[in-house]
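Let's start with one chain on its own, the form predicted alone, as structure tokens.
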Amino acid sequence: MSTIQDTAHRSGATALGGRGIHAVPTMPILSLEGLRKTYRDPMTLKPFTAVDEVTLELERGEIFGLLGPNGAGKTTTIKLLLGLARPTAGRVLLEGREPREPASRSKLGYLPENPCFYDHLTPLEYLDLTGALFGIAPAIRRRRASDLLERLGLGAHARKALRKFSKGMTQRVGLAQALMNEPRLLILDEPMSGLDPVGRSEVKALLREQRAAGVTVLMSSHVLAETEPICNRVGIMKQGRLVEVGTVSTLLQSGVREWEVAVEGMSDAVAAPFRAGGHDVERIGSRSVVRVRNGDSLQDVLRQMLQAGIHVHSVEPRRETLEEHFVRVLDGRTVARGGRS
């Protein structure tokens, strides 16, 4: 009986009850419950709440984007869940453990917003040090270090002093050290910072690989266009509060905002009636784009174009982007959807 109990406890998939073995829910890899952090101004001693009643659970094997402007509380939240700061109220659990327990961080990888390394070391030396701190055997950590540097495009710079690295190269080393312990939870604060377009593309591919391997990723970011295509869910923070959480498609479910009708050879005289009808008309090279606000008007516009003999090149719906939704939420023009999903 004890063997069965031990196996069930280790797997987290079954438990023994009065009626035999039954399935139990998988424990969330990260859980924030009513998390709050209040500081005092050192001069006035007035309290300031940086994180205010944040509640969130992360699913295993998802990429979660934590979005918000400067000062919204993203970095403070990350410090709290890493155990680098103590919450004023609420709690953080990493796979059921408090973040200050060493065991809770053994499979956690972290990249700060501005990574700072011992700049006299080479990437190989620094990653070897990182692996040693995690108790990884020398042969294994050397192999992992070489593999990660090659994967991140730094193989040719493995023996160069870190002081000679650019911001983008330093960011890649930071990602490598965050992956040295093969984490189950990867926490990245502005991981796209300092990367060129090629670097951002490579990091997105790397994060997708981690997700496919079952790793959970929490990333904060200001680069919303880079966040939208890779995140399973996003959360928007405003003044310390998590005001919206959901999948990108759910948050942007308001539908089509307008229709873009691209046409060939439209003169100003021909475009005038469409402008008079309240539609924007923009000339782009030899083509013009007529922006129609709703579907009913779209049918009328297409009928007028057909009657005028205008060649319609394409008709495309334009939906709200994550960046547009983000700005609208921060402006207070949306209804909050809460912090738990």
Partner chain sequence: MRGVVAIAQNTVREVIRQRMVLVLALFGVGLVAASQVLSPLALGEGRKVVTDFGLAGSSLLATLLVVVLGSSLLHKELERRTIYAVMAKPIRRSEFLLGKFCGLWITAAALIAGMFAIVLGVVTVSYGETPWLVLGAMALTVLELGVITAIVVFFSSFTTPALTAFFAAATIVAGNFADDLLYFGSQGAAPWVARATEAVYWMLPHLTVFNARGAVVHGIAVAPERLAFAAAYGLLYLMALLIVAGAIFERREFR
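Small disclaimer: the values here were computed from a predicted structure and weren't measured. Residue numbers count along the first chain shown, from 1.
Here the subject shifts to the form predicted together with its partner chain, a form of this protein not shown in this document.
A single residue from the set 84, 205, 158, 225 has any heavy atom within 4.5 angstroms of its partner chain in the predicted complex; that residue is 84. Though the partner is left out of this view, residue 243 does not reach within 4.5 Å of its partner chain in the predicted complex, counting heavy atoms only. In the predicted complex, its partner chain sits within 4.5 Å of a heavy atom of residue 126. Interface residue remark: residue 119 is counted as part of the site for its partner chain in the predicted complex, having a heavy atom within 4.5 Å. Shown alone here, residue 154 lies farther than 4.5 Å from its partner chain in the predicted complex, counting heavy atoms only.
Only one of 190-198, 143-151, 265-273, 105-113 places residue heavy atoms within 4.5 angstroms of its partner chain in the predicted complex, namely 105-113.
The single residue of 176-195 lying near its partner chain in the predicted complex is 177, the criterion being any heavy atom within 4.5 Å.
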